[in-house]
Every structure is written in structure tokens, then in C-alpha cells.
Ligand code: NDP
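The chain below stands alone, shown as C-alpha cells; this is the form predicted on its own.
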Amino acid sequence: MKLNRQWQLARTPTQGYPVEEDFGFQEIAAPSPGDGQLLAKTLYLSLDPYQWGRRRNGTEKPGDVCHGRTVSQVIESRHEGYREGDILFNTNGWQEYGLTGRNISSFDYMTPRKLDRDLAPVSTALGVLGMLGLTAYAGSYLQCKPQAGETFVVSAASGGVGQIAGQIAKIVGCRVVGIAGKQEKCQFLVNTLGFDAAVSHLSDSFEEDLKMACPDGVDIYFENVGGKTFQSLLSIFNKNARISLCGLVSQYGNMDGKNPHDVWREMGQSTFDKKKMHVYSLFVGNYVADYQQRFLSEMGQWVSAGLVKYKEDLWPGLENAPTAFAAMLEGKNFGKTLVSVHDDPTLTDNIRNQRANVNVLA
């Protein structure tokens, strides 16, 4: 009998950011697949800010296995479309083993799919070639329609979505300015990803630094953070500027009961009206049906050509998932946050070389 280690939501969170008491760890028997189902072991677990929103707003209930998208390997199949050994993008959640297929209740608008282990490192299905990459593509490319010569600013720029959004704008020909924290991250944005400038929100002269980095104002802003970062941009938006509202990670810990998105809009509304700005709320699920294949084709070409690079923040061990999750929400990650749950059977020397920017954490 296989034991299935898993993290469940222990309670509806009462703190601004995750604490140990929010999660419960247990070992139970791994499930067996029924007709039209398959059992897969988790190789990589994706940790993303939206998961915290699900837990705080009650979408995820106490006792539920914590939601999370995964890269997994099929170990037993009663589904005609899959066989043992297949590598999948699916939604196992925060556990070692999960069922995929018919009669499985799951919050997911991304169809499980087989991965080509020779195309790219399979972990990229949770990052640059997955929902995260599509989010960056939809917000920067499809919503804001960047033009050569425009100034494009992205917050949380060294994070999973931010680094890709900025590189897409760079491909189009924009002046790209990234906002990050530590100088190490700012240097990565300029020296490795090719951004034109990077500004640290930790600097005492942040607002002045931002104005110097954007001498012609800001035409497009990819919003991941909110709070004081957003406030600092209000005075330098150009007329008809566009914003893709992807996330507000700095406001997700608020405990005043107010909707972070409502607070954010109130903060900027007078500027939006005065400068005739366009604000787009970004929900990646709206783009899957019409754009996923186009995205995979274009992004695959950009990655292969070296036009888009990526960095992963890899935590070894399922037991570290809550710690990694809290660190990501508090901005302590450097790249796309993943947890390695089982050994990746696809790793070769060539694949390891492609993953040169992986940051493995103890």
C-alpha cells in the first residue's frame, strides 16, 4: 500500500499571511483509479498567490487538500488516453499522489495535458510554458497591446509572472522598467533578462528613482503588488496609459475586511479618470480557450531562441510547502516558486543545463 502524504487546509485563515496553524499534514492510503481515471505521483507543485485568496474567501474549505497545479507522472491508468510513465500537467494539489480523470471534482480551467519531455524542462509547464506564462502573455501582450518605444513598468518583476511580462514587452520594443526588492534581483532583471532599468522598492528614494527610470512617463503598468508601489506611479502615468491588474500581493494580508481590489481602484480612480486610462482586470481563465495554443507556440519559440529566460525558486520536499508558500507571499522568492515532491525522471545533463537559473533552496 502506498502512503499518500498531503497538506490539508486546517481552518479558514485568520491571519494576514499563512501561519503553521492554517495547515494540517497527514498520511493516508493513496487512492486507486476507477474507470476513466489515472493515478499520478507529483513531481513538481506550483505555489501561487491566488491560492491564498481561495483559502481566505472560503472557496477552499477546512479538510480540503490544498489546491495547487502540478507536473506529475502517471503510475497507474484506467484512462484510455494515458499510460504508465506519461508526464502530465494536472492538478494533484499539495499531495504526493492524486487522481485525474472522470468524476474528479477540481477547481481548474486548464485541461490536463501530456508534456513533451524533449521540448523543454517539464517544470516549465508550471511556469513560463504554463498558466503563469499565459497570465503574463495575456496581460502584457493581449490586454495592453504594447507598442515599440512605449515605457512598460512591471512590479514584482523578478517573480514568476513579472519576469516574463517584462521580457514580452522587451521583445515588442518597449523600454522596460522592473520594480523589485533586493539589489540582487534588480541586477538580475537588467543583466540577465535585459530590462532597461530596475528600481528597488526598498530604497529610501524609491519615488525619485522611479521617475528617473521613466523620463517619458509610464504608458503600460503590469500590476502585481499594489500598495505604496502603485501610489508611487500615479503621478507619472501618461494620458491613455493602460494597466493590467494581475495581482495585489502587498494587500492580500490586509485584515480590515475590505476587498483589496476595491481599495486599489479607489486609490487610483481620480488619476484613471483625469488621464483617461484603461484598466483591465486579468483572469487567465478567460484566455485559455482562445489563446492557449497560440501562446504555447509563440512562447515556445521565444524560449528556444533565448528571447525569454526564466528563473525558478525550487524548494525540495513536500513538507516545506507551507514555508515556501508564506515566503512567496511575503516577497522572499526569487523567480517562480515550485516544490520538488518526487524525483524528476526526465532530468538529463542537457535539461539541467537549460535550468541554469534554478535557485534551489534548503
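Only a predicted model underlies this, so the values are computations on that prediction, with no experimental measurement involved. Note that residue numbering begins at 1 and tracks the sequence as displayed.
The protein also exists as the form predicted in complex with the named molecule; that form is not presented, and the subsequent description refers to it.
- Listed residues 169, 246, 153, 71 were compared with the named molecule in the predicted complex; 246 is the one with a heavy atom within 4.5 Å.
- Checking 331, 300, 36, 322 for any heavy atom within 4.5 Å of the named molecule in the predicted complex turns up a single hit: 331.
- Not displayed here, the named molecule is kept clear of residue 82 by more than 4.5 Å at the level of heavy atoms in the predicted complex.
- Contact check for residue 260: no non-hydrogen atom falls within 4.5 Å of the named molecule in the predicted complex.
- Although the partner is absent from this view, residue 31 stays clear of the named molecule in the predicted complex, with no non-hydrogen atom inside 4.5 angstroms.
- Contact annotation for residue 181: at least one heavy atom lies within 4.5 Å of the named molecule in the predicted complex.
- The three residues 6, 93 and 341 each lack any heavy atom within 4.5 Å of the named molecule in the predicted complex.
- Just one listed stretch, out of 96-104, 270-278, 73-81, 127-135, contacts the named molecule in the predicted complex at the 4.5 Å heavy atom level, and that stretch is 127-135.
- Taking the named molecule as it sits in the predicted complex, the stretch 271-288 comes within 4.5 angstroms of it through a non-hydrogen atom at 282, 283, 284.
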